[in-house]
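In the block that follows, a single chain appears as structure tokens, in the form predicted on its own.
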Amino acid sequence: MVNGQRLRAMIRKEFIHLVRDWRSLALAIAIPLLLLALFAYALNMDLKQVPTAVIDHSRTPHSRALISALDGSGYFNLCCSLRTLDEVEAAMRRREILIALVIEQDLADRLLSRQPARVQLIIDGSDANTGRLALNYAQSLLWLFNPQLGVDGVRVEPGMAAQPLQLAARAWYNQGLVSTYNIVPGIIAIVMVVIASMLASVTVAREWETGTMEQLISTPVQRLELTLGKAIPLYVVGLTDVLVAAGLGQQLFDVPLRGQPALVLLVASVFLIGVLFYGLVLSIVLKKQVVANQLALITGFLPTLILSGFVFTIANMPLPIRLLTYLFPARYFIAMLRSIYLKGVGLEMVLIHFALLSFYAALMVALANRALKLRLD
């Protein structure tokens, strides 16, 4: 049974530790700001103002209209007009351009005679992801410009010039396909994992290293009272960071929250309990602050960053890695947050993920209390 008086004394003790260790507390509050700045601003997967060169052998109103459509789209920045492929290669080697558009001399004649026309797109493949995006955007713009215009050998036959099939595309939940809308919910998970790695993983280990664990063992405090007393102050700090990250995400990046804020706090609380007690398990077992902190970063932060779907799409991973992602709770948490933020779903729509997250939290609480031994070996 938990004794309320002893639990309050443990919580008060941990709050005093947090206040005295003001550097760690300041970092814990500043981390959401730093992560938002780094990820939301730097990790932007939207294609904008790609440096583009043009070789216009046609020099007709048709070619100028094509170049204007490309330059005015907002995705491409026409930075130079070149004359030969050697100049294109030299510019790409200097990283001055990422894409080049080569317009053949007979473009206008073929378009006017309703014959298949052809232009060439040259992509810098050393940046594969951006190059792939640039290629897709450029192909879409060129096809919209004229149905008879082919790209890199893909041609439309004269009998198909009437465009028998027209595609009307619309994205639901994120109409502009803004990558920041997906990044900000994931940052909340990253924030909580970092807090657990930085603070929770050193709490019990610090008691052993400073020699105060012997004093705690001599008191009537029970295992659950000790772990709860250490987790609750960190839970308050972590939940404050969640509110800061969510608030800044809406204020700075206009990320919509279509679901219930209370549901966000509920799933964040369950996830936070799990990662905090995971940090406590490492601190209890290892008894060394540096080792526990490093292991928490390796086993907590890195999988959350790489294997949770935050940055890399899980469906594109090899099968063994996809199966491995099911072991990390951040996968379920980020999926729930994105559904709540962008789709406005209720708890009934994410119940399976919530149940798995709750099981993980309960398992970590049980493991922490089982691993803690209030005796001197």
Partner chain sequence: MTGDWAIRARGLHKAFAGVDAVAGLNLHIAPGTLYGLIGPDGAGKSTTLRLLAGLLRPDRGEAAIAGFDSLKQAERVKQHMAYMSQRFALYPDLSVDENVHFYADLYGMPREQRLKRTDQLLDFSALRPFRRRRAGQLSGGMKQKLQLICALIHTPEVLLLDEPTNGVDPVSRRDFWRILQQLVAEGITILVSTAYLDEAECCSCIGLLHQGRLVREGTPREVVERSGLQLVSVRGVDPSRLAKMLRQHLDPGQIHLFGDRVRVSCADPAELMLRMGNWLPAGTEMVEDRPRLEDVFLALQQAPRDERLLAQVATGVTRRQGDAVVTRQLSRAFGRFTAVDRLDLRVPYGEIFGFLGPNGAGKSTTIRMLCGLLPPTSGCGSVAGYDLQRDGERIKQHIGYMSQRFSLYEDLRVAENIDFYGGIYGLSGKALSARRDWALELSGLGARRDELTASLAGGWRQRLALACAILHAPSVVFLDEPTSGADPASRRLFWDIIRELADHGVTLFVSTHYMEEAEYCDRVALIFRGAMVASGSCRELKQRYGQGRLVTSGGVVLPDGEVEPTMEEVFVTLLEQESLRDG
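Residue numbers count along the first chain shown, from 1. Since the model is a prediction, treat every value here as computed from it, not as a measurement.
Another form exists, predicted together with the partner chain; not displayed. Remarks below refer to it.
**Request:** Decide yes or no: are 5, 9 and 211 jointly within 4.5 Å of the partner chain in the predicted complex, with each residue judged by its heavy atoms?
**Result:** Yes: 5, 9 and 211 each sit within 4.5 Å of the partner chain in the predicted complex.
**Request:** Using heavy atoms only and a 4.5 Å cut-off, determine which of 82, 243, 221, 266 is in contact with the partner chain in the predicted complex.
**Result:** Comparing distances to the partner chain in the predicted complex, the residue within 4.5 Å is 221.
**Asked** Taking heavy atoms only, is residue 16 within 4.5 angstroms of the partner chain in the predicted complex?
**Response** So residue 16 counts as contacting the partner chain.
**Prompt:** With the cut-off set at 4.5 Å between non-hydrogen atoms, does residue 217 touch the partner chain in the predicted complex?
**Reply:** Because a heavy atom of residue 217 falls inside 4.5 Å of the partner chain in the predicted complex, the answer is yes.
**Request:** Name the stretch: of 268 to 276, 248 to 256, 235 to 243, 202 to 210, exactly one has residues whose heavy atoms fall within 4.5 Å of the partner chain in the predicted complex.
**Result:** The contacting stretch is 202 to 210.
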